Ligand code: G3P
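Encoded as C-alpha cells, the following chain is the form predicted alone, with no partner shown.
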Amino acid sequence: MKIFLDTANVEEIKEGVSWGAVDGVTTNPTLISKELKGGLTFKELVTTILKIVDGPVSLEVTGLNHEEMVREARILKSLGENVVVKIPTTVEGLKAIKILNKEKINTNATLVFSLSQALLVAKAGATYVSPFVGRLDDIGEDGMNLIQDIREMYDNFGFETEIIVASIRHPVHVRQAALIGADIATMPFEVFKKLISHPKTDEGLKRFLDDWSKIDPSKLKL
C-alpha cells in the first residue's frame, strides 16, 4: 500500500519524504489556503511541492461546471508531470473526468461517500477514487466498510481506478486500509508520525542503551 501525505505544508512534506516512506501528496483548497502566507503565491507553493515529491501530487479544481473544471485541470497539469487533478464527484465532475481521461490527464475523484459514486467515477475513467472514511465515521457510518465494498467491486469488474483512503483520522484507519487491500492511504503528517511510534520500541531501546553504558569502555575497542 502506498502512503500519501495529506498536506500542503512544505516542511512536513520534506520531513516525510526524508523517511523514505512517502509515495505522494494530496492537497485541497483548505490545505493550500493555510500555507499561502507572507506573499507566497499558489504557483510558488505548488512548484516547490512538486520538486520535493517524486510521486503523484493532487491539486483540486474549484470550478463547478465541467468546462471550468477542464480549463483549470489543463492549467494545473502544466505545472508538472506528476500533477493529478482532483475533481469533485458530481455530474459535472463525471463529465470533466471523461474529457480529461481522453486527454491522458490523471484525475482523483474526491468527496466520495458511496459505492455508487465509486462505480460511476471508475466508469468515467478516474485514475484515483478518494472515499472519505473519517467524515462517514463522523455521521455514524463505518467508513472502512465502504473501502471494503469498493475494493470488492473494483476487483469484481477489473476497474483500474486506484483507491485512496482519505479523511484518515488515526493509525487504525491505516491498518484497516492495508488489510482490506486499498491501493493508497493519505493522511495528515501527525497520523503519519504515529505509524512509526510504539512505547515498547522506546522502552526496548532505552534498556539496550542503559545496559550498553554499563560496559567498561576498554572492552568496546574494535
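Being a predicted model, the structure only gives us computed values, none of them experimental. From 1 onward, residues are counted along the sequence shown.
Beyond what is shown, the protein has a form predicted in complex with this ligand; the following relates to that form.
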Could you tell me which one of Ile163, Ala166, Leu59, Ile49 places a heavy atom within 4.5 Å of this ligand in the predicted complex?
-> Ala166
The single option of Lys98, Arg151, Arg135, Arg71 touching this ligand in the predicted complex, heavy atom within 4.5 Å | Arg135
Interface segment, criterion being heavy atoms within 4.5 Å of this ligand in the predicted complex, picked from 166-174, 49-57, 36-44, 63-71 = 166-174
Proximity of Lys77 to this ligand in the predicted complex, heavy atoms at 4.5 Å | no
Just give me the residues of 69-88, first to last, that have a heavy atom within 4.5 Å of this ligand in the predicted complex.
-> Lys86
